[in-house]
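Given next, in C-alpha cells, is a single chain: the form predicted alone.
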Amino acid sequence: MEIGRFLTTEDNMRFLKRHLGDLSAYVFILPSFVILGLFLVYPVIWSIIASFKDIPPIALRRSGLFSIPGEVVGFKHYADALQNSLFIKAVFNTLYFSVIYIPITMFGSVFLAMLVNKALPGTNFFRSVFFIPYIISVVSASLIFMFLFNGDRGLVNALLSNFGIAGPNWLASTLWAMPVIAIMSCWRNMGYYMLIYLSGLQNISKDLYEVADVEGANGFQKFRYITWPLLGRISLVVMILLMINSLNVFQEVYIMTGGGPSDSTVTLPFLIFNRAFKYYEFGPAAAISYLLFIVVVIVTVIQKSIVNKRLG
C-alpha cells in the first residue's frame, strides 16, 4: 500500500521526471537502440567470437541467432592469416593502391580548389561539375572507367592509337589494373576533398598574398610559403580520411576486376569478402577483418599524434 501510494503521488512523479527526464523521449529512441544493437553491436560481438572458432557452414545454418557453433581454435586463424601468401599479397596490393590514390587525390584536390577559389564568371558552375563524380555511385563510376580502359574498344586506347601507340588491355594486365582502379577512385573523390580545401583557402588572409606580390614572389613561391603551410591542418585531416578510405577499398575491385588478374588487385576488404561469402570460411575472414581493424587503429593513432604535435 505504501509503495503503491509512493509511485502514484504527483510529487514522486515529478521527482522521476526531474531525474529521468521526459520518459517519452526514451520510448522514441528505443527503436534506434534496437536497430543499432541488432545490426552493429551484435555483428561485432559475433565476429569477435567467430574469429577464435572453426565454424562449419552446415552447423552455422542449423544454429540459432545467438549461438555460434564450431570448435574453439584460439589464435590459429590470426597466425594462419599472417603466414598466408595471399594475405601478404593483399596487404601489398592495398599499400600499392594507397601510394597511388593518396598523393594524386590530395594534390589534385588542392589544384582544383585553387582553380575554383578565384572570383571569375562561371566559378560556381565548375565547382558543381568537379563535385558531380562524388555523388555518382561506385558502380556507375566503375562502369565508366571499364568503358574508357577497355582493351579492344576503349576510348583511351583509341586515342593512343592516333599517336601510333598500342595501348594494353588495362584491366587484364597485372601491371596496369590497380593503377586504373586507383585513378578511378581519385576521379570520383577529388571533388569532395576539393571542397574541404576550398574552405581552407577562403580562410587565408589576402593580405599575405598582397605582401608576397610586393616582394616579387611568383605563383609557385606563394603556394610553397603561404598556401601550403596554412593548409597544413586540413591536409593532415584529409590524409587521415584518405588513408582510411584506401584501407577499405572493395567495391571498385569487386566490379572492375574481381580481384584479378592473378590476384593483382586483391585488397584486404576483398579478401575478407571472398573468405566469408565465397568460401564460407567465417572464422578466417573475421580474423583478417580484425587484423585490418588493428592496422586502421594504429594508423589513426599515429596520424592523430602527428596532428596533436602540429596543433600543439
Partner chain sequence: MNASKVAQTIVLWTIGILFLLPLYWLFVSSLKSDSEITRFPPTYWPETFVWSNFPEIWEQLNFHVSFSNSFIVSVPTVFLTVLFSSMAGYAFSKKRFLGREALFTFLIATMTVPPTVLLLPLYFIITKMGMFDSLIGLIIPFSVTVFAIFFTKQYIDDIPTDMLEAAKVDGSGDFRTFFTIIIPLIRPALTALIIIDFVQNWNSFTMPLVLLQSEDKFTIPLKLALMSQDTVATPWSKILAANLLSLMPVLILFLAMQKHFVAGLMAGSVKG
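Whichever C-alpha set is largest while still superposing within 1.5 Å between the two forms counts as the rigid core. Numbering follows the first chain given and starts at 1. Not measured: the values here are computed from a predicted model.
Only in words, not in the display: the form predicted together with the partner chain, which the text now covers.
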Contact with the partner chain in the predicted complex, heavy atom within 4.5 Å, among 218, 205, 140, 174 goes to 140
96, 223, 134, 87 - the one with a heavy atom within 4.5 Å of the partner chain in the predicted complex: 134
73, 75 and 79 each touching the partner chain in the predicted complex (heavy atom, 4.5 Å): no
Heavy atom to heavy atom, is residue 285 within 4.5 Å of the partner chain in the predicted complex? yes
So in the predicted complex, is the partner chain close enough to residue 128 to count as touching (4.5 Å, heavy atoms)? yes
Heavy atom to heavy atom, is residue 211 within 4.5 Å of the partner chain in the predicted complex? no
Residue contact check: residue 169 to the partner chain in the predicted complex, 4.5 Å heavy atom: no
Proximity to the partner chain in the predicted complex (heavy atom, within 4.5 Å), stretch among 223-231, 106-114, 174-182, 79-87: 106-114
Judged by heavy atom distances of 4.5 Å or less, which residues of 38-57 approach the partner chain in the predicted complex? 38, 39, 40, 41, 42, 43, 44, 46, 47
Rigid core superposition, residue 121 Cα moves 2 angstroms or more between this form and the one not shown: yes
Is the C-alpha displacement of residue 277 equal to or greater than 2 Å between this form and the one not shown once the rigid core has been superposed? no
Post core alignment: residue 67 C-alpha displaced by 2 Å or more between this form and the one not shown: yes
